[in-house]
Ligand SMILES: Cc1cc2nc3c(=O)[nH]c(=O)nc-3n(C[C@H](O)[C@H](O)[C@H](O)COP(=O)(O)OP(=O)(O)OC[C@H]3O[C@@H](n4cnc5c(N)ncnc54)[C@H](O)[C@@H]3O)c2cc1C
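The chain below stands alone and is given in structure tokens; this is the form predicted alone.
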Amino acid sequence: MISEPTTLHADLAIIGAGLSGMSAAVFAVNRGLSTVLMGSGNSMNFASGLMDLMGVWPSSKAWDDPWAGIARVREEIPGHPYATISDDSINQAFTELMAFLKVQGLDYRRSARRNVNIITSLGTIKKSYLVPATVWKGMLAFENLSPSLIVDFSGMKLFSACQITSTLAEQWPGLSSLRLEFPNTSHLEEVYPEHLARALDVPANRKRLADLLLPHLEAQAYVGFPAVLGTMAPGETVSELETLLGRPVFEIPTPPVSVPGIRFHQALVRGLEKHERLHFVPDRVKKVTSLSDKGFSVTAGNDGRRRHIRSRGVLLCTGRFLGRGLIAERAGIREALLGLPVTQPGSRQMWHHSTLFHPKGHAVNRAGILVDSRFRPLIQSSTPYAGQLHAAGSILAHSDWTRLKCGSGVAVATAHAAVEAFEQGL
């Protein structure tokens, strides 16, 4: 990766470094495409580290089989991003991403045909598809109702082992809780997950933690911790703690800032840095100009550090309102860079229902860009803006990902489909 000011030339310019953008960069470099990735991926630190494929549709139906849920969505929401991607392509996208992460030392697990039940920091159960290996054994402990101890730490906010055990008491009677003072933190009023995780990168701190915990272990078959078990090599941390404690160990995802989200982002960056054909420009894109059959001109940065990119294709992974891919104004919603048409309600009054948890959801969450089967943004019902302009991720219309619990799946699968479409168009 490079960041020095220069004019860059590439096959593909990816705008947006969130999950869809970074996944697209992985798929692009795996195919030997010279790639420029633009933007900041800091928002990924707020992710839980869990990756949903399809969780809920309609509002009251939670799917054990995400593929059956996707089939239902294709029938009932024909404009949903999954509608033009086959199950095989979605599966290939996740397989390719998992392989990339594994090379960087970050192991993910899934059950091919079903969502798995994951414990949350509130003591509720969440269905997810692809989960960190450090979380996986918690799913096994819950499925088997194995006697387990949940541990938290003095001064750590938004995570209570007692709350988890109390909430799950009827479902999981063999659960107990314990609060410990993390080694060398007695002088601190508050401790933060990322600081604890960095401390546990040091083997001596793992030994200290195990020594504190061992006197409290009795018949418990598993030990669960908040997701703080190391940053750079969580698998190594878990393995050593299991040896020291003589029991399987698992993590429970915490609210943001999320250590699994940080791990995920860092693993992607580490892997992409090794590719000479990948250049990173950590600046916001200001302008995109189509040069007809000559490709695109992209300008990023400000007057003090302006970057120019010439590329054969562009992939918009700019996200929705938070990522500023979509801008909400009094007159409506607009796409920020190219003025692409945005599918949206007829007026602001139609954006939301009067109740927050309306069973039909809110129309504004379905707003976005319409694309064709090659994920090219449309300026009319069947006319693409440009032959090699593509879009992926949450900027796409009809995904309603927060309600359907499919955000990560849409991000990864559409990035994969868009990169393949771009490559086929060369």
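We number the residues from 1 along the sequence you see. Remember, it's a predicted structure, so these values are computed and weren't measured experimentally.
From this point on, the text means the form predicted together with the named molecule, which you will not see here.
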ask   = Quick one: of Gly123, Gly271, Pro183, Gly323, which gets a non-hydrogen atom within 4.5 angstroms of the named molecule in the predicted complex?
value = Gly323
inquiry  = My question is simply whether His216 lines the interface with the named molecule in the predicted complex - judged by any non-hydrogen atom within 4.5 Å.
reply    = no
task = Using a 4.5 Å heavy atom cut-off, state whether Thr35 contacts the named molecule in the predicted complex.
result = no
task = Give a yes or no for Arg208: in the predicted complex, does one of its heavy atoms lie within 4.5 Å of a heavy atom belonging to the named molecule?
result = no
task = Would you check, heavy atoms only and a 4.5 Å threshold, whether Pro248 touches the named molecule in the predicted complex?
result = no
key: Partner-proximal stretch of 171 to 179, 185 to 193, 341 to 349, 315 to 323 relative to the named molecule in the predicted complex, 4.5 angstroms, heavy atom   = 315 to 323
ask   = Does anything in 47 to 85 come within 4.5 Å of the named molecule in the predicted complex by heavy atoms, and if so which residues, in order?
value = Ala47, Ser48, Leu50, Met51, Asp52
